[in-house]
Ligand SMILES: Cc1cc2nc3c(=O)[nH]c(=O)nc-3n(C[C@H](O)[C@H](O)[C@H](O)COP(=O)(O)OP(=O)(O)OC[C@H]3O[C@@H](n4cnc5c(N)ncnc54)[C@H](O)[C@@H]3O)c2cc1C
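Single chain ahead, by itself, as structure tokens, in the form predicted alone.
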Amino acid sequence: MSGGETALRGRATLTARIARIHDHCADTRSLFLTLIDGRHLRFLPGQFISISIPLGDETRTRAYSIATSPEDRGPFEICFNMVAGGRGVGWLFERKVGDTLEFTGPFGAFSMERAPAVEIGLIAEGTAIAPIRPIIRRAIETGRAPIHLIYGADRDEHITYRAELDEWAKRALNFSHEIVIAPAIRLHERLGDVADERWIAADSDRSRQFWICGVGPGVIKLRDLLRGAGYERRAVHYEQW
């Protein structure tokens, strides 16, 4: 632990202040948070925090992945979208710059400390790009093997950080990405088709490692697609929201 950092491995409650708000589109927002004691949150790419959300009649706890990288010395970011009837996320949308919130963490084994020596495949949908984003950056900075992201959403405006992904693809010779737009009801099916074509049908190489993040049972189907094709179970990392 260095002087300006705190290693948060337990479940102590921490308080952060909202330093900035960014709206990606009408229903997708990022909050940029700073610890009120001035220290820097220490975490691994892909980890999440659990935010305490007071709703009057109850207090809910919701997990939100950290969308920024540990190397970023400014505020850390969480990204989320509005969900119909979602009281917890509705509370977050009501927050203003200067407001504080309480959380515990970071937590989670869906992370990357250093890039593996083998090719990396990533699959994300919508705001589930949040934990994948710092994983990509860590992989670019610590590895040389190819990195490919398949990123899907129900419409184009729900593809967040697109300019950044395009810039990484220009600067990093080993990173590439493709965008999949499909109706929500068919999105996981389309993501599976693209993954099948690229990582299963294209060759017999089964040494790759994968990081998959998304919402609902479609994530498990993507996991099982890759494992069923011969990739090792431990090589297919996944997080289901």
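Quick note: we count residues from 1 along the sequence shown, nothing fancier. The model shown is predicted, which means the values in this text are computed figures rather than measured ones.
Same protein, other form: the form predicted in complex with the named molecule, not shown, and the subject of what follows.
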Of the candidate stretches 146-154, 165-173, 95-103, 126-134, the one with residues having heavy atoms within 4.5 Å of the named molecule in the predicted complex is 126-134
Would Val89 show up as a contact with the named molecule in the predicted complex if we use heavy atoms at 4.5 Å?
-> yes
Could you confirm whether Asn81 comes within 4.5 Å of the named molecule in the predicted complex, counting heavy atoms only?
-> yes
Using 4.5 Å between non-hydrogen atoms, is Phe43 touching the named molecule in the predicted complex?
-> no
Would you please decide whether Tyr64 lies within 4.5 angstroms of the named molecule in the predicted complex, comparing each non-hydrogen atom pair?
-> yes
Report the residue, out of Phe48, Phe210, Phe32, Trp199, that has at least one non-hydrogen atom within 4.5 angstroms of the named molecule in the predicted complex.
-> Phe48
The named molecule: the contacting residue among Arg186, Arg60, Arg39, Arg206 in the predicted complex [heavy atom, 4.5 Å] = Arg60
Can you name the residues of 213-241 that have a heavy atom within 4.5 Å of the named molecule in the predicted complex?
-> Val215, Glu239, Gln240, Trp241
